[in-house]
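Quick heads-up: it's one chain on its own, the form predicted on its own, in structure tokens.
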């Protein structure tokens, strides 16, 4: 597998789009969180009661929750990295050449899954460092309390990237895969979730729409502000969310592998 990963590295190291997206993702994480941090600081300085209402989201231990929440809005970028990497294989027929050269289909698809895993791990590690950075800037005492949100972010990142992998394998074309990825992530699942949660004209708390694939992982990291003064509803059980996330990840994996092993090259 290590040898195959080295070959995969040779494919992507000269691919400019991949590195542009990587840079954009890293800069955006810092930029978005800095923007929110400045807004919070401005509100606190302008209104002494703001701290009582908003709390201290960038102090330890809350910073783990805050940074992962806002960083999660950018997970579409690693998804784009996966889509462009895989659909390029189809566009330039390099996947076919790899198999002619002796790779098995099993090896090829599992190298791509390893790429998903590596990108998710690196994304999570950078968010971990970003959390430490902002917690230090806020001047609070370091704490690992609530660091489990970093783990939740990894599950969320893996979910988005595996969905991107699945769409790439099913569709093969970059433009269509990206379009459907955005459409499902930002529109289709939200609409479907709202419909399921409002069936019968009654808004269901923790209804079936909250347990759709991406909603499940999104619910692992709820909105971090105002939680010290209001609780709109009882949040879903973390154990249920993690169990469902594992099930969805297995389905992404199973369908992707099965499809690649049976489709025409």
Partner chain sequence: MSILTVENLYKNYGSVQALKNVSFSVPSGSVFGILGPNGSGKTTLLGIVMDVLKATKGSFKLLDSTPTADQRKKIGTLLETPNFYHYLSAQRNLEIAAAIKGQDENDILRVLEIVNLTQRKDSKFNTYSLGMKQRLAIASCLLGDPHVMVFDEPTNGLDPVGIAEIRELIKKLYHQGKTIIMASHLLDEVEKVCTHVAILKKGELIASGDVNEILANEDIVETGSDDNEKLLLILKLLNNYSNIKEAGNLLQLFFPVGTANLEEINRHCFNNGVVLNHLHLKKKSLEDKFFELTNN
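Numbering follows the first chain given and starts at 1. Since the structure is predicted, the reported quantities are computational estimates derived from the model, not experimental observations.
Keep in mind that the form predicted in complex with its partner chain is not shown, yet the notes after this line are about it.
> Counting only non-hydrogen atoms, which stretch in 161-169, 186-194, 102-110, 140-148 is within 4.5 Å of its partner chain in the predicted bound form?
Stretch 102-110 is the one.
> State yes or no: in the predicted bound form, is some non-hydrogen atom of residue 136 no more than 4.5 angstroms from a non-hydrogen atom of its partner chain?
It does not: once its partner chain is placed as it appears in the predicted bound form, residue 136 has no heavy atom within 4.5 Å of it.
> Taking heavy atoms and a 4.5 Å cut-off, does residue 15 contact its partner chain in the predicted bound form?
Yes, residue 15 is a contact residue.
> Is residue 120 a contact residue for its partner chain in the predicted bound form, using a 4.5 Å heavy atom cut-off?
Because no heavy atom of residue 120 falls inside 4.5 Å of its partner chain in the predicted bound form, the answer is no.
> Give a yes or no for residue 72: in the predicted bound form, does one of its heavy atoms lie within 4.5 Å of a heavy atom belonging to its partner chain?
Answer no; every heavy atom of residue 72 is more than 4.5 Å from its partner chain in the predicted bound form.
> What residues in 84-114 sit within 4.5 Å of its partner chain in the predicted bound form, counting heavy atoms only?
Result: 88, 89, 92, 93, 94, 96, 97, 98, 99, 100, 101, 102, 103, 104, 105.
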